[in-house]
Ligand SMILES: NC(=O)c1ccc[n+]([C@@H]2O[C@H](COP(=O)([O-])OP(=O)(O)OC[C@H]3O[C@@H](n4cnc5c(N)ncnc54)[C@H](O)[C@@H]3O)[C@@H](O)[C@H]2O)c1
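Okay, here we've got a single chain as structure tokens, the form predicted on its own, with questions on binding and movement later.
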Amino acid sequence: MKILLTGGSGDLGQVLTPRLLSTGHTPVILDIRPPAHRPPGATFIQGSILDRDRLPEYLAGCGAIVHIAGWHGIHESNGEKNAHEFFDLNVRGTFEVFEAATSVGIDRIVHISTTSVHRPTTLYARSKILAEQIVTDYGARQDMNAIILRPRGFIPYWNRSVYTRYRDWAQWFWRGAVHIDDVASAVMQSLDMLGKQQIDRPPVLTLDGAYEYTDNDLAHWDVDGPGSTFRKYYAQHYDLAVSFGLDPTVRPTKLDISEAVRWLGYKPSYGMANLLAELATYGDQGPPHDAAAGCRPA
């Protein structure tokens, strides 16, 4: 099946492309810029989700859509995009995708949202809240079979335009994030589910990373002294963490992923133990990234 990836030249689209190919699908990358890597079998269309007249043409022959395209929080914090631009791409762009899909008979869409909707003080969050409302409306009124995924931040360590060193990415992940590989797995699970059943109302599924810490650990954090909970699981990496500017006393925020587990069988594979092992092995260079495979090394 041909599956359209809006904004498919970005990080998530590049991780999804080889996964879709490996499962017999044909990824169709729709983006205003070409992908850095386009494996044989993938198709690229240079265009925008705001191309109203041409969007049905872009969607022709596709059986499903993964709607990724959008301006993100970093475009706001860097002052690169204003309120009008956020509304145009994130809100109107979502409407254009769903309306065009309806017009050509596509009824399966995975919509990528964000947990930032819980902090509606930014242009990014407000635009994603409105986009989710559009998705919900099409599910209720147009019988669109859709799933809304709300991942935490998932910028990968190999995006050197954001993180020049692995430690910079590690310090960001330390505060709470989800690995892009886990987000891609949830997308694949969502596509599989949409192919098997009709969903009356799009579920909203939060995606977080894996944790060795239990709920009891988090509730009684460092009860035996600063850094004691971290040492309980990662004592051998304590000095390493400190040497790379990571604070073992910081208590992570663990999100409720029970709905993603219930709907998809979602099981994140990447957590603190993986990060520390990679840091110990590769240092500031980080693990080698196989762009063709679209994932971190096994």
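All residue numbers are counted from 1 along the displayed sequence. All figures in this text were calculated on a predicted structure; none of them were measured in a lab.
The following text describes the form predicted together with the named molecule, which does not appear among the structures shown.
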Selected contact from 148, 106, 155, 134, since only one has a non-hydrogen atom within 4.5 angstroms of the named molecule in the predicted bound form: 155
Heavy atom within 4.5 Å of the named molecule in the predicted bound form - residue from 69, 255, 28, 264: 69
Contact flag, residue 10 vs the named molecule in the predicted bound form, heavy atom cut 4.5 Å: yes
Residue 167 within 4.5 Å of the named molecule in the predicted bound form, heavy atoms: no
4.5 angstroms heavy atom contact with the named molecule in the predicted bound form for residue 89: yes
Distance check, residue 48 to the named molecule in the predicted bound form, heavy atom within 4.5 Å: yes
Partner-facing stretch of 31-39, 268-276, 238-246, 225-233, counted where any non-hydrogen atom is within 4.5 angstroms of the named molecule in the predicted bound form: 31-39
Heavy atom within 4.5 Å of the named molecule in the predicted bound form - qualifying residues of 166-195: none
